[in-house]
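Single chain ahead, by itself, as structure tokens, in the form predicted alone.
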Amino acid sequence: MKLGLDPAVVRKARELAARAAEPVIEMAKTHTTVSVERAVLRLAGVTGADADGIPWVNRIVDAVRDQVGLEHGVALPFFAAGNWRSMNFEMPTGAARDLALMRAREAVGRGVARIDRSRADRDRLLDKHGDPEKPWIYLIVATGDIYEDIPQAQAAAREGADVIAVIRSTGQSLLDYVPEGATRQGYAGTYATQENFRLMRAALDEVSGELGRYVRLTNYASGLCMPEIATLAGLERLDMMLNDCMYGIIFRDINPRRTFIDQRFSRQIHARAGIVINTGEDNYLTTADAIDAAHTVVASQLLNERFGHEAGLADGQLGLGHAFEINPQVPDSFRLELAHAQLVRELFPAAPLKYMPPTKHMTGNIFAGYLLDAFFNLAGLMTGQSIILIGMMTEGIHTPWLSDRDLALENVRYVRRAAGDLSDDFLPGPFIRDRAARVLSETVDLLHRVADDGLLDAIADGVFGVTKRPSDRGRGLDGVIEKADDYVNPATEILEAAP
């Protein structure tokens, strides 16, 4: 521990984060959502869409909600129906209920077993191909066309990328359904679908064999279909998923209650699948000042840690996010960045931290941008970051060209080769130590407020990311349902069972 952090202060921060999270966890345990129920059906093997392209899981959940109510869960009405395509459902009783419950548990159990096999396949391939040393180099591919994404992703892997992120089409997080099949049209990204997941995973498996190292695949489990996308990722062996407790609330105006309920189920799936989550604290610094708001990043990371642990995620699955976003014109900006990055590294020593490159202060001057990205790469090496998303000198100008990505990979390769294990030699001085201690102290003060006032009220007040999001507003609130005493969910039964 290089910063000399006070262990008592660190313990206090975690205690406050746990107290702030507890009411939200209880709310998530006692409620369900339409997307959680659709995820149960997807685990049970329900696929496809009707002639209008509406997924069957949406049609079924909507019909059960109208005819029976979702407070009991979708599983029993669905598995009691003789022909579910008739869309006529009722709550079974007696022997019919027992039979429906048995069928539901068997079907969902097969889905969870498939996730288990996917996890075992990952372990096998890691043993076969080998795992790259950290920091892993993370690169985004997003053309809108999955068949164009594939050769670009393979080319990036050949040039040194360890993690390929297929960014989603703009606005998909606001869709309350998951499109079916392979997609060839998307704006600033490619739709997250089960078939797109399957195609890209197969392509990266191919290039992993060619390169002799396992190449990881990332997508986004956020938005109104967070539980379903998490489920599809587990089935198709994705390795990482962006899955933050507050990003969708603050930046997509998705209802806070809907988000936290969906998030708990999605993280239970991720825990079972061995998927590393990436959180989105870096986004706070695109709307707030990176110096003034540094403590909000750490507070959010501690909350994400608590929510993740409660859902079953191990420390090695908590890819907590932070970013290199201090204005480069500020005196000692690099020293401040080192203080923030080293603080996060020491607070979460076992977590595969994801460090994000500068975006807010990229001006369009590609030469200055390339230099700033090199400083970011150096900070990542000096502070022992786990996952480095490579910066683009053309950030904010256009979607990166292949040549842009090649230069960005060359930049990080040079810094990684030149710096080596510089984190072993980096010993922060008084300036960096004092700054880290101050941020931690401000974090404790903020978590005191959040724990006393309530996390939902803090979000409504704009504590995180400036934007105010009340818990009684936002997209998706109508999809939140309080569970009845006889609520049944075979998926959570399996996921929460003692190992």
Partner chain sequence: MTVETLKQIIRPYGDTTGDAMIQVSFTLPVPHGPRAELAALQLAGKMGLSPASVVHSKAMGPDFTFFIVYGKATHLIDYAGIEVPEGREFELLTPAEVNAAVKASLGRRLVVVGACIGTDAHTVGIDAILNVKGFAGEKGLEYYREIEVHNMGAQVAVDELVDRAKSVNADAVLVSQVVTQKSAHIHNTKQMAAAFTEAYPTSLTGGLGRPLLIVGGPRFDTVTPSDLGVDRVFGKGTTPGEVASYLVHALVRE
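Numbering follows the first chain given and starts at 1. Predicted, not measured: the structure shown is a model, and the values here were computed from it.
Although not depicted, the form predicted together with the partner chain is the subject of the following passage.
Asks: Pick from Ile150, Val112, Val207, Ala288: which residue has any heavy atom within 4.5 angstroms of the partner chain in the model of the complex?
Replies: Contact with the partner chain in the model of the complex is made by Ala288 alone.
Asks: Which one of Met382, Ala80, Leu407, Ala107 is close to the partner chain in the model of the complex, taking close to mean a heavy atom within 4.5 Å?
Replies: Among Met382, Ala80, Leu407, Ala107, a heavy atom within 4.5 Å of the partner chain in the model of the complex occurs only for Leu407.
Asks: Using a 4.5 Å heavy atom cut-off, indicate which stretch of 390 to 398, 112 to 120, 415 to 423, 259 to 267 touches the partner chain in the model of the complex.
Replies: Contact-bearing stretch, as computed: 390 to 398.
Asks: Given that the partner is absent here, does Asn411 sit within 4.5 Å of the partner chain in the model of the complex, heavy atoms only?
Replies: Flag for Asn411 set to no.
Asks: Even though the partner chain is not shown here, does Ser86 get within 4.5 Å of it in the model of the complex, heavy atoms only?
Replies: Heavy-atom contact with the partner chain at 4.5 Å: absent for Ser86.
Asks: Though only this chain appears here, would Gly186 touch the partner chain in the model of the complex if you measure heavy atom gaps against 4.5 Å?
Replies: Gly186: contacts the partner chain in the model of the complex.
Asks: Should Thr467 be counted as a contact of the partner chain in the model of the complex, where contact means heavy atoms within 4.5 Å?
Replies: Because a heavy atom of Thr467 falls inside 4.5 Å of the partner chain in the model of the complex, the answer is yes.
Asks: What residues of 346 to 371, in sequence order, lie within 4.5 Å of the partner chain in the model of the complex by heavy atom?
Replies: Counting only heavy atoms within 4.5 Å of the partner chain in the model of the complex, the single contacting residue of 346 to 371 is Phe367.
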